[in-house]
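Quick setup: one chain, the form predicted on its own, written in structure tokens, and binding and motion questions come after.
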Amino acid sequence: MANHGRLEGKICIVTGSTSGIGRGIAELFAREGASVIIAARREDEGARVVKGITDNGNVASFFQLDVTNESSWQGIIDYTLKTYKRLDVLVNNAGIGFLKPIVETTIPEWRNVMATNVESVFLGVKTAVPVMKLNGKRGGSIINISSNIVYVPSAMNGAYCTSKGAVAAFSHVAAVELAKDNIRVNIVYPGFVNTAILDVAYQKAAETGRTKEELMAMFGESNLVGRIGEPIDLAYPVLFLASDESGFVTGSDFVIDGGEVWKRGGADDALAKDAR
């Protein structure tokens, strides 16, 4: 696909980018002129993503990153400086979740989600900011991926929902703290997106006799658009936040969920009454 240049010359790290939303973001960034570091644990899948990007004439490389490990984070920052000389954009996308009632959730399960979803964002910001400060007035952009579950919580998502709320709160503090360094921090809240993280829900549905297609349709009915999202639906808003087009945007919340929060808040009923 053609390179349109909205991120021309920018150096970007995208975590959890071997599949799903992260992969969609990384591929779009590369098409828009960025040099993208695919940051994830799975080297074989990372190599495939890199090949797909470079075969299209764009720039990408892979770094095997454990987002829960500070030394691993320092490693990717050092690699980025050595390879590309600077860092402009960090997308903290990596995340995990599971479905289980609160009283059945174990401490190891809880801590694993917090380490992967929350501590990873803290470590990413902590290690990336000193490098972004070197950009001077050009600054940098950090985009942290939360979830619309913060606004529309559901049963059996205690750990995941809590972790994503923490990501949002931390990001707001970071936006205030880093503004003086010309580093912008924004938060994206996806709704239901067709990625592997929904496999847990599909497995639970199968236990009750429902098919994946039926569950996808149900998820789609929960929002105003009438379908679940695809990774590209998230990638374009993140592209805006990574680009210079969003130079006046920081500390902001972007709910990208097809209007699920709006619909479940009763807005559709109010609109229907107005129409009548």
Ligand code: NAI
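The first residue of the sequence shown is number 1, and the count goes up from there. What you see is a predicted model; the values in this text were computed from it and never measured.
As for the form predicted together with the ligand, it is not shown, yet the points below apply to it.
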Handout entry: Heavy atom within 4.5 Å of the ligand in the predicted bound form - the one residue of 241, 235, 67, 53 that qualifies
Key = 67
Handout entry: Segment that reaches the ligand in the predicted bound form - one of 170 to 178, 157 to 165, 124 to 132, 78 to 86, heavy atoms within 4.5 Å
Key = 157 to 165
Problem - Heavy atom of residue 252 within 4.5 Å of the ligand in the predicted bound form - result: no
Problem - residue 140 within 4.5 Å of the ligand in the predicted bound form, heavy atoms - result: no
Exercise for the section: Answer for residue 192 alone: is it within 4.5 Å of the ligand in the predicted bound form, judged on heavy atom distances? Expected result: yes
Exercise for the section: Find out whether any non-hydrogen atom of residue 145 is located within 4.5 angstroms of the ligand in the predicted bound form, and reply yes or no. Expected result: yes
Practice task
May I ask you to list the residues of 5 to 38 that have any heavy atom within 4.5 angstroms of the ligand in the predicted bound form, in sequence order?
Solution key: 16, 18, 19, 20, 21, 22
